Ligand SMILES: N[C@@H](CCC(=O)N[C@@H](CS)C(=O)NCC(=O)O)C(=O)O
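Starting off, we have a lone chain in the form predicted alone, written out as structure tokens.
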């Protein structure tokens, strides 16, 4: 298998971390966004969206990070990480959708404006964008903080695809420059820290 990625991207991180966590034999190929590699014809045959991550398994091509993670987990027969039990599996999928559509949109905006954007020299943070995202964050954070009230991870006391999907911004959110108010949500902060201690997750930690 071949996995196409770029550094720092949270969507790439969660899928690449899944590879390491499950100890899969996958070739990791880093693409260069700035040189336009994602828009070249050979890559567009893999992912017509011109985005990362993407996965090739022989003739089979797959894009969208959550789909890639599910595919990898099933290839590895990782029952604890992505159970075959239908209700348990759908509980994990529920959180994957929730993270992509709600929580991570707000977290991603704040992390981009306060951590990534300055690090890349792309200008000052847009405080109006941050304030708007904070409203969405607070709405979602209350739900996640409550979910983590009695468990170490989102659907139990061991990590699953739910954690890798919802927690993809963990390193950026914990960054000292982030304006995410994690001290108001102690369960989320502790959960982010636990994620960063998982060897396969830690291996993909961004450098800033």
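In this text the structure is predicted, and so the values were computed from the model without any measurement. Positions refer to the first chain, counted from 1.
Although it is not shown, the form predicted in complex with this ligand is what the next lines describe.
Sort through 26, 38, 182, 155 and report the residue having a heavy atom within 4.5 Å of this ligand in the model of the complex.
Selected residue: 38.
Does residue 44 reach this ligand in the model of the complex, with heavy atoms at most 4.5 Å apart?
The answer is no: residue 44 has no heavy atom within 4.5 Å of this ligand.
4.5 Å heavy atom contact, residue 187 to this ligand in the model of the complex
It does not: once this ligand is placed as it appears in the model of the complex, residue 187 has no heavy atom within 4.5 Å of it.
Residue 51: touches this ligand in the model of the complex, heavy atom cutoff 4.5 angstroms
Output for residue 51 is yes: heavy atoms within 4.5 Å of this ligand.
Although this ligand is absent from this view, report whether residue 56 comes within 4.5 Å of it in the model of the complex, heavy atoms only.
Taking the distances in the model of the complex, the answer for residue 56 is no, it never comes within 4.5 Å of this ligand.
Given the stretches 139-147, 159-167, 64-72, 172-180, which is the single one in contact with this ligand in the model of the complex, using a heavy atom cutoff of 4.5 Å?
Going through the listed ranges, the match is 64-72.
Do any residues of 1-37 have a non-hydrogen atom within 4.5 angstroms of this ligand in the model of the complex? If so, which ones, in sequence order?
Heavy-atom contacts to this ligand in the model of the complex: 9, 11, 33.
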